[in-house]
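Encoded as structure tokens, the following chain is the form predicted alone, with no partner shown.
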């Protein structure tokens, strides 16, 4: 391997995450996914009452004090935890990397609504006297807040910002990390996505008004993409941060390598605020394959974005069939069936859930798929129980969002050549 080729290759070397249901590291997350364990429970919302939701429970004071968490945000707290775990998992202590050449790129679907709703509710208890409005509101609600909280916690002085790309934001932030490494702007990238959505009444109310909020007497059965009985989205919080390095630097320090970034693509539907469009999704998948130098048959696992909405599921499945319909060695699964829709964290959490396939050669199942919608039939759909295969070579991860934004990331098994 030449030095030049190694500098032009980018690898994931650390994973820090918190997922609904108490999965706070990759091994536990993987165990739950392979076992078909749902992370969905019930939340009691202000004004609305109970609804199924994905809620995280992690050690919030592992990397900063309770007082610091109180001054910051829930998104920042999740971000600090995931970033700390990612660095620990990668074995990075900044002895080999300069903090000034480290970038932090965090994907968010939205930010600030939780803080604003809470403050409006708070002053409503005092006859809307704004003297009771917190002076921390502005720094809590600026879009770069979670990424900035990570840099303050870690003393990182390189660039930080948030990538706003609706529910494609996690993938978009990972793509941004690759691009900044490729440009030489940074030597190490902390990139991923965060969702604090379960703290926002407005998000639940909006999906309910659209008829797109999932309901089920058993919350663990509520998230059911591709199933005839699906009736909407299960809203979840969560976070996932990757450490992303150039291959030459990772090899030089003897890092473990989860996967290599093979290709990626983003495009726009340019059609509708909410309704997805399969033809643009298939174009995005084809562009990612082209950039990876791959054919559809080179992909072993497709992790679908499918959220449990009628048109969203059907449009994506049409797109997947159009690209991968003649690929007998390609399998598909869905992670949201187990953890709900973690919005800005969805793409990276779902990618993380499939990374271990390169070492265990297992494909985690889509759960709650009791009665497949025939319009959602997919090649090699893994449902109910995990599937063992001979070898996993590449994973394609779909992540799409409102206002017509599409993202696709392909990661492949690392092979030194």
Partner chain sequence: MTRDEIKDLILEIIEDIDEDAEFDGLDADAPLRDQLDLDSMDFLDIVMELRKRYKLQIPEEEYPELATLTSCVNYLEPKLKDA
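Just so it is clear, the model here is predicted, and its values are computed rather than measured. Residue numbers count along the first chain shown, from 1.
This protein has a second form, the form predicted together with its partner chain, left out of what is shown; the following refers to that one.
Asker: At 4.5 Å between heavy atoms, only one of the stretches 254-262, 80-88, 94-102, 124-132 reaches its partner chain in the predicted bound form; which one is it?
Answerer: Contact criterion met by 124-132 only.
Asker: Please identify the residue among 62, 388, 67, 50 with any heavy atom within 4.5 Å of its partner chain in the predicted bound form.
Answerer: Exactly one residue meets the criterion: 67.
Asker: Have a look at 139, 329, 164, 202 for me and say which one sits with a heavy atom within 4.5 Å of its partner chain in the predicted bound form.
Answerer: After the contact test, the surviving option is 139.
Asker: With a cut-off of 4.5 Å between heavy atoms, is residue 71 one of the residues that contacts its partner chain in the predicted bound form?
Answerer: Looking in the predicted bound form, residue contacts with its partner chain include residue 71, since a heavy atom lies within 4.5 Å.
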